[in-house]
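First, one chain by itself: the form predicted alone, in structure tokens.
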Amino acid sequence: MSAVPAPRDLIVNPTGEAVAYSDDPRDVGWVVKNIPCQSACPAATNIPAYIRAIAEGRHGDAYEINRQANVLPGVLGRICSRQCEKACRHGWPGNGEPVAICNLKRSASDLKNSGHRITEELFAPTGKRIAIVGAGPAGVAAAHDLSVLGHDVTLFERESQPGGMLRYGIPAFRLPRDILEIELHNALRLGVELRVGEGVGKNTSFPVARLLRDYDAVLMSAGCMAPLPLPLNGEWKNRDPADTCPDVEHGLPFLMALHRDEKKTVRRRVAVVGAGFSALDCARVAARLGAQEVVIHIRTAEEYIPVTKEEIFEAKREGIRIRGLRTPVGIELDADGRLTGVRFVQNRLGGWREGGRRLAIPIPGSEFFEPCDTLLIAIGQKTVNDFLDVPVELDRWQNVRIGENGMTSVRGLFAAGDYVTGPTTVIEAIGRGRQGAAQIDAWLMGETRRRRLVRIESVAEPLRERAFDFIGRQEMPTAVPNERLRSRTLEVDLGLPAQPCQEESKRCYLCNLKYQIDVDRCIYCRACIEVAPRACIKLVESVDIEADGSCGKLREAKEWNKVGAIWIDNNECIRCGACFKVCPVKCISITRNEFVEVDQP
């Protein structure tokens, strides 16, 4: 327990702004704790800042703020897994629905001026050469950052076009290819040499050993592309039905072949096994290929599917059904070797697994049969390392093991993204690709050339109104289901128009704004407490200080003679500014606190 710390001093710069840059643990800890959306984002996107820019009609600035962190804003505004929205303070109990952060990200891309020019803060050329293997999200993000840092980058991709899962795994009705092309061009335009159709490793022109000789560093970001086999019982135990039955396919190869413009068909009744984005994509593609019935079979219950509720809703609007609490144990074929159905066992829900998902416990004697004539298996992927021509240390999951500096057991060979972690999300892959780029740069240059600091800027007056709390979430308009099912490329989500976009941006609590009471000037009049719309201003004895130096639990005072300060509880503060306006001695200050990357001199 410690006394209430004094507010941070700000420095007035020549332009009249009060600005400070800090690496003080109290400031770092405040940003981490009090901006939950940004802390939840794997790429650490400055969400309050870009939403505020949208509210002010500065869509181009909002796009640039996004792009500084997540490289592909127009892409992620459509297909991001939205960890930020799960953490959004507006979605906490009693606060309503989360802000539509992802939809606003897309709006920044869609509504920016047609003549918008992208800006980059470029470093001088270093003369260092880096090879990156895999032009998926992690590889593209790393290539972008390393080229900005002044390195010569060559990006190797075995497919005929870059994008990885973005191009070959995600259907065009979720991610239009013209948007993907623009975003990839913008990311790779700073001199990255893109070599498509070039595999790396054994039996290729570019074994890893050669790359290590020819380049100063090599980054492996080959993704996680091998489908997991479906574990079945009986005669199908240790056998992959996709190898023998023409009506059984793995979901990812099915989607990849389709997106290579190969002809793919499904029969009348399609069963999809799996509970992730790929399973839903397979089901929605099957509906567009003419299937009369599409059912997704999952081991637990619909509420535990690790995809966004919007995706589930739109799939159901397209006639897709979800059936839970079942595990496939076998398949049935007719005399001609064609699929007639899947045998399942009934499950009951068990406890919680690591990662927040539920256990599925089979019920003895509950086996049953579901007829179908096409089966798509989408239960996950794993990494493949058998193409490597150099010995690399692996972990127990057979993923490449890397150290704290991002390097594998081979000097100069780094790895990042799903190739290291196993299958994750696009935003996580981008975040890890950027982290890998920073680690390579530090290793090559012998120093960290960018520091992450907290920028603290004074704000003259409140930026929100209490009335904004009562604006309902603006829903994304979508294409008519009958029309979208006739096309594999018609985008389902149509984008927020300008007016609903601005209304939605007003809902953001702007959690990067810190309201703080100067305890030396406060006269304890309680005016701020009386005007506060909720229990956000409290009489406290003291404030706990966490191990990282940030403020922790408030110790509320029950008696006046024990009051050490009047304190603003940032967990409850909705940044309405009522306290700021009513304070008779102007002892309440507002600052904007946010992470920025600062180049080292």
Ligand SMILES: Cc1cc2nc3c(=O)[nH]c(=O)nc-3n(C[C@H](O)[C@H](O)[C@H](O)COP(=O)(O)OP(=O)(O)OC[C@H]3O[C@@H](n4cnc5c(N)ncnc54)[C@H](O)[C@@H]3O)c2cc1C
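Everything numeric here is computed off the predicted structure, so don't read it as measured data. Counting begins at 1, following the sequence as shown.
In what follows, reference is made to the form predicted in complex with the named molecule, a form of this protein that is not presented.
**Q** Please pick out the stretch from 106-114, 379-387, 313-321, 236-244 that is in contact with the named molecule in the predicted bound form, where contact means heavy atoms within 4.5 Å.
**A** Contact criterion met by 379-387 only.
**Q** Can we say 131, 152 and 413 each have a non-hydrogen atom within 4.5 Å of the named molecule in the predicted bound form?
**A** No, because 131, 152 and 413 lack any heavy atom that approaches the named molecule to within 4.5 Å in the predicted bound form.
**Q** Since exactly one of 79, 496, 286, 230 fits, which has a heavy atom within 4.5 Å of the named molecule in the predicted bound form?
**A** Flagged contact: 79.
**Q** The named molecule isn't shown here, but in the predicted bound form which of 375, 224, 275, 146 has a heavy atom within 4.5 Å of it?
**A** Of the listed residues, the single hit is 224.
**Q** Using heavy atoms and a 4.5 Å limit, would one call residue 164 a contact residue for the named molecule in the predicted bound form?
**A** Residue 164 belongs to the contact set for the named molecule.
**Q** Applying a 4.5 Å heavy atom distance criterion, does residue 159 contact the named molecule in the predicted bound form?
**A** Looking in the predicted bound form, residue contacts with the named molecule include residue 159, since a heavy atom lies within 4.5 Å.
**Q** Looking at the partner-bound form in the predicted bound form, is residue 371 within 4.5 Å of the named molecule by any heavy atom?
**A** No - in the predicted bound form, heavy atoms of residue 371 and the named molecule never come within 4.5 Å of each other.
**Q** When the contact criterion is heavy atoms within 4.5 Å, does residue 441 count as touching the named molecule in the predicted bound form?
**A** Outside the cut-off, so no.
**Q** Going through 550-564 from first to last, which residues have a non-hydrogen atom within 4.5 Å of the named molecule in the predicted bound form?
**A** If the 4.5 Å heavy-atom criterion is applied to the named molecule in the predicted bound form, 550-564 yields nothing.
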